[in-house]
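Only one chain is shown below, in structure tokens, and it's the form predicted on its own.
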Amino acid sequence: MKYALLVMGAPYSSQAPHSALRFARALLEGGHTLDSVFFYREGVHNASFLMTPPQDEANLHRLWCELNREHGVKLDVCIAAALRRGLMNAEEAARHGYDEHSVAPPFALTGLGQLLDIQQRCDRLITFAA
């Protein structure tokens, strides 16, 4: 079965990203396919490479990147939600006149149209809300 995840909770203030990551690992260990993870609302903060938790805590950004590297899971981020929260990739930073950015591959800024495409492409879309 082909799955996708929708993560709407911020790292370190919501259990949603932790639960989604554990669910993703369980899916893959169970032989299922995880097509993509879409980050929306406060969940877009998972895409920030500036995230610096204490060393004794899991770095969720790095764990999502590992999931992408190990299994090819796409990491899509709602561009509108990200921009509202000050998160942008290099292209959007240049377009809005900023020198710095906080989102880089494998996270990709996309629109809600991508979420609709994911829903049509996958058998199940599991939501992890805050």
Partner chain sequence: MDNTLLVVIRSAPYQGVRLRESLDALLVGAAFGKPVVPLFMGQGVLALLPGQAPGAPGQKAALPIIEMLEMYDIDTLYLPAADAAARGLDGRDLIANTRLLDADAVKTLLHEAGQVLTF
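Keep in mind that this is a model prediction, so the values were computed, not measured. Positions refer to the first chain, counted from 1.
FYI, the form predicted in complex with the partner chain isn't displayed, but the following is about it.
**Student:** Does Gln15 reach the partner chain in the predicted bound form if we count a contact as any heavy atom within 4.5 Å?
**Tutor:** Close contact is absent here: in the predicted bound form, Gln15 is far from the partner chain, nothing within 4.5 Å, heavy atoms only.
**Student:** Examine Phe49 and determine whether its closest non-hydrogen atom to the partner chain in the predicted bound form is within 4.5 angstroms.
**Tutor:** No, Phe49 stays farther than 4.5 Å from the partner chain in the predicted bound form.
**Student:** Quick one: is Ala130 in contact with the partner chain in the predicted bound form, heavy atoms, 4.5 Å cut-off?
**Tutor:** Yes, Ala130 sits close enough to the partner chain in the predicted bound form that at least one of its heavy atoms falls within 4.5 Å.
**Student:** According to a 4.5 angstroms non-hydrogen atom cut-off, is Leu115 in contact with the partner chain in the predicted bound form?
**Tutor:** Yes - in the predicted bound form, heavy atoms of Leu115 and the partner chain come within 4.5 Å of each other.
**Student:** Based on heavy atom distances of at most 4.5 Å to the partner chain in the predicted bound form, which listed stretch, 76-84, 50-58, 24-32, 90-98, is the contact stretch?
**Tutor:** The contacting stretch here is 76-84.
**Student:** At 4.5 angstroms, heavy atoms only, are Met8, Gln119 and Leu125 all close to the partner chain in the predicted bound form?
**Tutor:** Per the other structure, all of Met8, Gln119 and Leu125 touch the partner chain.
**Student:** What residues in 38-76 sit within 4.5 Å of the partner chain in the predicted bound form, counting heavy atoms only?
**Tutor:** Residues within 4.5 Å: Tyr40, Arg41.
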